[in-house]
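Single chain ahead, by itself, as structure tokens, in the form predicted alone.
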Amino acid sequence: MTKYLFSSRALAYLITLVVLLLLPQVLDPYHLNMVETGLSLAILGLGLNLLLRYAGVLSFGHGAYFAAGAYAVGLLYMYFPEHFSFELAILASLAVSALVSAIFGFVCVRHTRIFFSILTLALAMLMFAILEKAYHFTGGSDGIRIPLPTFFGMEITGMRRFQFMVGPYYYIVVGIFSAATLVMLAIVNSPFGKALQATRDNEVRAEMVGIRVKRFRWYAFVISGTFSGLAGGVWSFVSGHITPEISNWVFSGEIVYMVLLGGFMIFEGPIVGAVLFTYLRLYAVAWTEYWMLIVGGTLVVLVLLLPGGVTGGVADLVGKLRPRRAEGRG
């Protein structure tokens, strides 16, 4: 425990947290809102990477679990407005996304490789069809407006929505993001995380030593989906409006893209990728209506030149500089 508390990673996390807490002093409200979006997507990226990096399977349907969390918030407001509080909304996001991912995961983990990916994609599109066609229940393509909830029994008064979102709510997002990152770090370094990596490396050997491969993969699927639902719940308040598009295959593809952009082989890679993707999409959309070409082009360049993503490239560069520095000292 002590070696983790005084490690360079713990120091980097502490510095990052301090920087995040100081950002409201230097950033304007618009960019603070973008950071909130980036941090919400970072939780989603961490969830997807549990499957990709540690279980060795690629999901193209994580938009479904993100949507499950966001719609849990929206439906709570639509049908139980008297109970629409932030704490209940987040609990609903966790419960609904865990239930959906448990059902979908039960089907998907029986397959691997391309069959797993196709199944996750198909189930996400099934979710998209339900959200869009069940107009009288979900609002259909019009979606659901998300108003400000109460916070532990207190109503937000004397402050406009945007002021609250880039004010007190920013610190709530930072707190949830920090807690989610530490929980995921604990999961991947736990005996469960090590067993999951064993199933990724060699299923046969893992089964021989007593690991129930499909059950462990299902557990990982549920945890991954629940993280995605948490991200959807947090993001729904930032956005203020949710539509079925967040369960569409395009959004699921963007989730995979941002994880690859940051680098899926390093734990913090999806976090970096989520923040970079948020700003890349912002400036690409503002620059041209063909912004998808920019995103696609950067993905091609990324795969060819930086297969390990941005964090992987930085790690390689640091690795190359270290021996030279040592030689120079010698």
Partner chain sequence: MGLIYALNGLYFAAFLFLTSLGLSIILGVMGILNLAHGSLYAIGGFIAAYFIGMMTGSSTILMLVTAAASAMVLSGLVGLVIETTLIKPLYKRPLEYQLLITFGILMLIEDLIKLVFGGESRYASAPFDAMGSVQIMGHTYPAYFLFVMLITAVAGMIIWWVMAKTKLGIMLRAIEMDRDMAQAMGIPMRRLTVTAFVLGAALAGLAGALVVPTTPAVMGMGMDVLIMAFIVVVIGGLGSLKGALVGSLLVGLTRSFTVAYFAELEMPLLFLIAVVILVIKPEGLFGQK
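Residue numbers count along the first chain shown, from 1. Here the structure is a predicted model, which means the values were calculated and not measured.
The next section is about a form of this same protein that is not shown, the form predicted in complex with its partner chain.
Q: May I ask you to choose, among Ile223, Val238, Ile187, Leu119, the residue with a heavy atom within 4.5 Å of its partner chain in the predicted bound form?
A: Looking at the other structure, the residue within range turns out to be Leu119.
Q: Note which of Leu123, Leu196, Ile146, Ala89 lies within 4.5 Å of its partner chain in the predicted bound form, where distance is taken over heavy atoms; exactly one does.
A: Among Leu123, Leu196, Ile146, Ala89, a heavy atom within 4.5 Å of its partner chain in the predicted bound form occurs only for Leu123.
Q: Which of these stretches, 77-85, 214-222, 125-133, 162-170, has heavy atoms within 4.5 Å of its partner chain in the predicted bound form?
A: It is the stretch 125-133.
Q: Each of Val310, Val314 and Leu321 within 4.5 Å of its partner chain in the predicted bound form, by any heavy atom, yes or no?
A: No, the whole trio is out of contact, none within 4.5 Å by any heavy atom.
Q: Hey, in the predicted bound form, is Tyr257 touching its partner chain, heavy atoms inside 4.5 Å?
A: Yes, Tyr257 is a contact residue.
Q: Considering non-hydrogen atoms and a 4.5 Å limit, does its partner chain approach Phe267 in the predicted bound form?
A: Result no; Phe267 lies far from its partner chain in the predicted bound form.
Q: May I ask you to state whether Val183 is within 4.5 Å of its partner chain in the predicted bound form, using heavy atom distances?
A: The answer is no: Val183 has no heavy atom within 4.5 Å of its partner chain.
Q: Residue-level question: is Leu304 within 4.5 Å of its partner chain in the predicted bound form, judged on heavy atoms?
A: So Leu304 counts as contacting its partner chain.
Q: Let me know which residues along 47-82 have a heavy atom within 4.5 Å of its partner chain in the predicted bound form, or say none if there are none.
A: Leu52, Leu58, Phe60 sit within 4.5 Å of the partner.
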